[in-house]
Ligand code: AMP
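Below sits a lone chain in structure tokens, taken as the form predicted alone.
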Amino acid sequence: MSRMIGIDLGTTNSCVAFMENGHAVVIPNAEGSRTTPSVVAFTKSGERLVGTAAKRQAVTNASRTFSSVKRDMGSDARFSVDGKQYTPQEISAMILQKLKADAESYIGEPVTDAVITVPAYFSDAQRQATKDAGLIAGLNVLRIINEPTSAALAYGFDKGQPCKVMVYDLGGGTFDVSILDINSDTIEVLATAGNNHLGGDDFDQCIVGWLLERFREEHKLDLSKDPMAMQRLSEAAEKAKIELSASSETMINLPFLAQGPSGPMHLEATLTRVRFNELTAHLVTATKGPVQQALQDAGISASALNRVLLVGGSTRIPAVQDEVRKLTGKEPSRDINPDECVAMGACLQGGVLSGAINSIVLIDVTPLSLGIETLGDVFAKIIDRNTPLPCQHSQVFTTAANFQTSVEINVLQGEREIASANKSLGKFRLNGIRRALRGIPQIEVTFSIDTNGIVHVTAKDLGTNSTQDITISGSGNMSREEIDRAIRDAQRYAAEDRQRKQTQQTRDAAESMLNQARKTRKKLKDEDRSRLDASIAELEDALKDGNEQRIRTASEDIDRILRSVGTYTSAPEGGNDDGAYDA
């Protein structure tokens, strides 16, 4: 039976958890870490690297390494490698495949069902793109859940104490704030607000900009067009940011950063926490607006909050914590791990969906208002932001011209009164309207939003019952054909990865056997040693040739010889060094 997992698909790092004995448990990856870098790379030999391995080689392979792809979800951005273009969904699917494989290895069972988190302020297009990424990765995405809501679920599960909670979620690429009402059996989102382009990456870039200016002043050289130097600066900036959360200053030392007319150029700089706070003060201040907006929409004051939860690695920045204290008058709670709680909450929501947990109900909201464009570039709202999900609302419109037989419905998402200032999610045309003077036809437009926050729109002429509908798919999302192709590519890559792993295991087993055969040969009689030497030479040549079948055949020949002379105890299949040869 397939197991359910919860996934926090993060901008900088991702995390996966599953239910064990009624509790959410974070799954370590194959490298032993509890979070996985959201990085994908393609080596020059065509091998695909994901996670720690991809991040480790980013400096030497910067142009073929992709990170922070989450910021491009739902857009028409493309990533090019070797003449092939990848969508943000496809790159994200590679990260999800890695998390899925690590989960299956840890649990020892197949995994197909998942709950995946997204920033609360993700648009419909971004949510649909995330769901598509899960589909490409071979996952049945049962629910898309907002990250702050997921964190609150991890905090509120089994607490049993009614309280109003603010979740302040500052991750690698996005910022969200949500106000929730937690009771003994219900977690209700009262309001949410945020910024999809504010996060730890922006703090890093402030340090990078400072370092670039320092280097330019000292060496009269601009490094911004050097991909390898920029990658080194980005890594150094991230490291400095982390160190400044615990120290008052940090030393940045990057030798051989560039080559000048007089030789190598180095960068040495001391960054203090005070200077870092000055560089990033505008970013910290930018979180104030969404906090105030969420409180206003929830209809409560900061003093009515019982707890403030910090989520996301960037909330470890001392200046951010100071801003939270100033905005709320509360000391932030440290009851949950900011890097892991989102995945744990997603896992708990999976438990609710599967029936493993029946003691809690989660009520989420839509983050942005939805409506259509009407005459005069006016945005007519049909569903207001922070409406509980799932929901369905209708409104009746009419024609703008005499004898109009069709209308174009432009579906919009946003908060501006002017239609063109909001984001268009998609357009469709309703035909078959009864010919009449303008203002007479009655056209009912119905919006429905499912529990994943994905939108379905229907337009109906009440006079003729002519109907047209659309499940919104923004321009940056993938068509069904593109998704099917991406699924096939993902399956092909998975098969290639398995083959590569099997080939490596065969080589490892062969080299282990070869080493043992060399140690054993001197103890054999001349006739047996001669036979073994011939097989050793054949295996050495096969390993150089790289032909897997030839390696297997030569290994089997050595195995038979050693067995025949009674000096070998077979190693287990898989090829590690557990086989023992008699002394």
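These figures come from a predicted structure and were not determined experimentally. Numbering starts at 1 and follows the sequence shown.
Omitted here: the form predicted together with the named molecule. The next part is about that form.
Which one, R385, R232, K241, R71, lies within 4.5 Å of the named molecule in the model of the complex by heavy atoms?
Looking at the other structure, the residue within range turns out to be K241.
Could you work out which of R273, R316, K381, R143 is the residue within 4.5 angstroms of the named molecule in the model of the complex, going by heavy atoms?
Checking each option against the named molecule in the model of the complex, the one that comes within 4.5 Å is R316.
Quick one: find which of 412-420, 249-257, 306-314, 128-136 has residues within 4.5 Å of the named molecule in the model of the complex by heavy atom distance.
Contact-bearing stretch, as computed: 306-314.
Could you tell me if all three of G194, Q292 and E323 have a heavy atom no more than 4.5 Å from the named molecule in the model of the complex?
The answer is no: none of the three residues contacts the partner (heavy atom, 4.5 Å cut-off).
Using 4.5 Å between non-hydrogen atoms, is D201 touching the named molecule in the model of the complex?
Contact check for D201: yes, within 4.5 Å of the named molecule in the model of the complex.
Flag S245 as yes or no: does it have a non-hydrogen atom within 4.5 angstroms of any non-hydrogen atom of the named molecule in the model of the complex?
Yes - in the model of the complex, heavy atoms of S245 and the named molecule come within 4.5 Å of each other.
Do D297 and the named molecule come within 4.5 Å of each other in the model of the complex, heavy atoms counted?
Judged by the heavy-atom cut-off of 4.5 Å, D297 is well away from the named molecule in the model of the complex.
Under a 4.5 Å heavy atom criterion, is G171 part of the interface with the named molecule in the model of the complex?
So G171 counts as contacting the named molecule.
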